[in-house]
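Given next, in structure tokens, is a single chain: the form predicted alone.
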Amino acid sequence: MGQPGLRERKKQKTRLALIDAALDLFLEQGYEATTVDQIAAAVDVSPRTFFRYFATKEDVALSLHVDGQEAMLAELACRPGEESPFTALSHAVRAMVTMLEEEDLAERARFLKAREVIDNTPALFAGSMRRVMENERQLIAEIARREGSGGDDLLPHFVVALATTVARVGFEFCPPTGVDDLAALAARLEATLALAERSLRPGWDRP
């Protein structure tokens, strides 16, 4: 795939500027107290421009969260068909974390700011959970497609529930206290994925 053109680069730059301004304002004065007008003014654009990129204030707050979920779904769809469902989904989760690790410091800091805002704002936390549930439905549908199974097959539901629980355990043990936490997050997530993979093998031994 070629490099994005100038227009796409400018759009991405504006999108990231809006995200950065929103996260800084949310952390400084609170999510509820921050308005779309304030976010737009911080980037020197109009509210109309803001709404070209995000439908609501919640959308800008959760945009990185959604981006990660979409990347995981895309990675799952690209995994080899001969992989078992859990192996394919585990690789998709790992790819999402690797993508974060390979980002520059600004992107890492942006991710951790977003986590802090979501974790400290009940309305956003609830919104993120709604999006997690929607993402799980999409993952279930993709596993079912890969397996050629119908909607009454329990396997896709079980695999997605297991993988998302493993990922949640990995994230919960890495509080957002700094950019270096991404290394700890990746290590914790890898450990929980490895534990899950070992536990699914016959005759596994607890380490």
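Definition used throughout: the rigid core is the maximal C-alpha set that superposes within 1.5 Å between two forms. The numbering used is simple: start at 1 and walk along the sequence shown. This structure is a prediction, so every number in the text was calculated from the model and none was measured.
Separately, the form predicted in complex with the DNA exists; it is not shown, and the next lines address it.
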property: Among the candidates Ser149, Thr49, Thr165, Gln138, the residue which, in the model of the complex, approaches the DNA to within 4.5 Å (heavy atoms); result: Thr49
property: Stretch in contact in the model of the complex with the DNA, which is absent here, among 61 to 69, 156 to 164, 141 to 149, 28 to 36 (heavy atoms within 4.5 Å); result: 28 to 36
property: Arg115, Arg130 and Val132 each touching the DNA in the model of the complex (heavy atom, 4.5 Å); result: no
property: Lys10, heavy atom within 4.5 angstroms of the DNA in the model of the complex; result: yes
property: Contacts with the DNA in the model of the complex, stretch 38 to 65 (heavy atom within 4.5 Å); result: Asp44, Val45, Ser46, Arg48, Thr49, Phe51, Arg52, Tyr53, Ala55, Thr56, Lys57
property: Core superposition between the shown form and the other one, C-alpha change of Ala40 at least 2 Å; result: yes
